Every structure is written in C-alpha cells, then in structure tokens.
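In structure tokens, one chain follows: the form predicted on its own.
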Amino acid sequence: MKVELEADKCVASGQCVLAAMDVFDQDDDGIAVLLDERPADENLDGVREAVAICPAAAIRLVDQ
C-alpha cells in the first residue's frame, strides 16, 4: 500500500499525525508532511484512520 498526500490541500488540523505519528508529521506552518509513503503493515490502521478523518481529504491510500 502507498500513501499519497496532497499537501496543497492540507488545512493543518494535525489529525493525521494523531492517527499515525510514524507516517505523518507537520512542518512549521502545520502542513502535513509524509514521512513514509509505504508504511509497514502495523501502521496501516492508523493511516486508514487518517484518510477517514482528514478534513481536507488530502490523504489517499492506494494499492500499489
């Protein structure tokens, strides 16, 4: 699975970091930063949660 992040859509809510801190971080402006585009299986539940709760719909999880 691959994570895709459209940082230009990000509204800096930080929900992705709370859901999957090993996969996402935030820059100095609060914009999401992708740390791992191919997270380990044990992090996928958190990524799925981040996808579901992102208020800007800026995160996708694709099967690749």
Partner chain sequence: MRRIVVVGASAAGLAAAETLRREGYDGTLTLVGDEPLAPYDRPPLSKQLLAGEWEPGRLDLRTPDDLAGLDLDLRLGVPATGLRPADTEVDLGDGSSVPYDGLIIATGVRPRRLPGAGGHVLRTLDDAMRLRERLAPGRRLVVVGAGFLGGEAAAVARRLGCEVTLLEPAPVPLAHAVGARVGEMLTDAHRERGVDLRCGVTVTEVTGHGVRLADGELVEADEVLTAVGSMPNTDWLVGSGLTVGDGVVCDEYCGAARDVCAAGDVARWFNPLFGRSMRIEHRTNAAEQGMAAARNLLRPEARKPFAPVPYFWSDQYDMKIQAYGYLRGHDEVAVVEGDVAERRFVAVYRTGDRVAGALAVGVPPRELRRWRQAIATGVRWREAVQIDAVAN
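Positions refer to the first chain, counted from 1. Please read these numbers as outputs of a predicted model, since none were measured by experiment.
Heads up, the form predicted together with the partner chain isn't pictured, but that's what we're talking about next.
Student: Given that the partner is absent here, does Ala20 sit within 4.5 Å of the partner chain in the predicted bound form, heavy atoms only?
Tutor: Although the partner chain is absent here, Ala20 would stay clear of it in the predicted bound form, with no heavy atoms inside 4.5 Å.
Student: Residue-level contact is defined here as any heavy atom of the residue lying within 4.5 Å of the partner chain in the predicted bound form; does Asp27 satisfy this criterion?
Tutor: Contact with the partner chain, yes.
Student: Does any part of Met1 reach within 4.5 Å of the partner chain in the predicted bound form? Heavy atoms only, please.
Tutor: Met1: no contact with the partner chain in the predicted bound form.
Student: Determine whether any heavy atom of Asp8 comes within 4.5 Å of a heavy atom of the partner chain in the predicted bound form, and answer yes or no.
Tutor: Residue-level check for Asp8: yes, a contact with the partner chain.
Student: From first to last in sequence, which residues of 43-64 have any non-hydrogen atom within 4.5 angstroms of the partner chain in the predicted bound form?
Tutor: Stretch hits, in order: Arg48, Glu49, Val51, Ala52, Ile53, Cys54, Pro55, Ala56, Ala57, Arg60.
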